[in-house]
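Heads up, the chain below is alone and in the form predicted on its own; it's given as structure tokens.
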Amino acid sequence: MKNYGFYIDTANCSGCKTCQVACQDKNDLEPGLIWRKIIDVEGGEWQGDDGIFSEYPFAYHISLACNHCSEPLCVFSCPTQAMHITDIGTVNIDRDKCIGCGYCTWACPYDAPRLDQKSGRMSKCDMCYDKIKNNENPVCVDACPMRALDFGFIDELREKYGNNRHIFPLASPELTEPNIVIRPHKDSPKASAVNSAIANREEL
């Protein structure tokens, strides 16, 4: 079975959150319940030349939802099998089986599953399963004004964009084999080596 995946272009993402809003609107999510989040990374360093020091700040954004991993720890940790791999390879939640225990969130290194306070059950990006079935893109992809997101079979995305799956501050891809391809921002190599941090952690 071929797996679907997302391409995330952090070099072009402006952090506008249009993808996030489109997701919330399509799925009628309650305020505060976010399935696709925008991670704002900020940092900087000082560089000296002949005794003159200058500061070089940088910032970039990562549009991240569930990565529909090939080795999903959320599925392996779910005690009721509510978290499962579907017939098209996406990782979804059977709401009738979910008891809202939160084990999936604790297991997921990307913090994708979220508790729906209204229903008391877990929820997350389902990659717009209904739209995929109709040969349509997920709404976040079509909504992006910068075309910083793409969607398709992960093998085809890797052939088109490369094999990179990691950028600071995301977890190591070896943990879950996420079905994503990331185009790194030009300053992202600095982020893991100099003073940098997630600037909007309270939003996430």
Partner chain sequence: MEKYNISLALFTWLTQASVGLLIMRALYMRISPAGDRREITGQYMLFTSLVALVAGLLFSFAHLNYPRNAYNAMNNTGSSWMSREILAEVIFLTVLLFWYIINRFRIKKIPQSIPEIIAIITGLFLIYFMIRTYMLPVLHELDNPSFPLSFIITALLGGTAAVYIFTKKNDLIPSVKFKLLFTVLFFISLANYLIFRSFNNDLKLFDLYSLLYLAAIILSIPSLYATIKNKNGISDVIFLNLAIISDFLYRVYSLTYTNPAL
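What you see is a predicted model, and the numbers here were worked out from it, not measured in a lab. Positions refer to the first chain, counted from 1.
Omitted here: the form predicted together with the partner chain. The next part is about that form.
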{"property": "Region of this chain that lies against the partner chain in the model of the complex, out of 132-140, 36-44, 50-58, 148-156 [heavy atom, 4.5 Å]", "result": "36-44"}
{"property": "In the model of the complex, Thr86 touching the partner chain (heavy atom, 4.5 Å)", "result": "no"}
{"property": "Contact test in the model of the complex: Ile198 vs the partner chain, heavy atoms, 4.5 Å", "result": "yes"}
{"property": "Heavy atom of Asp96 within 4.5 Å of the partner chain in the model of the complex", "result": "yes"}
{"property": "Interface membership of Cys144, the partner chain in the model of the complex, 4.5 Å heavy atom rule", "result": "no"}
{"property": "The partner chain in the model of the complex - contacting residues of 66-82, heavy atom within 4.5 Å", "result": "Leu73, Val75, Phe76, Ser77, Cys78, Pro79, Thr80, Gln81"}
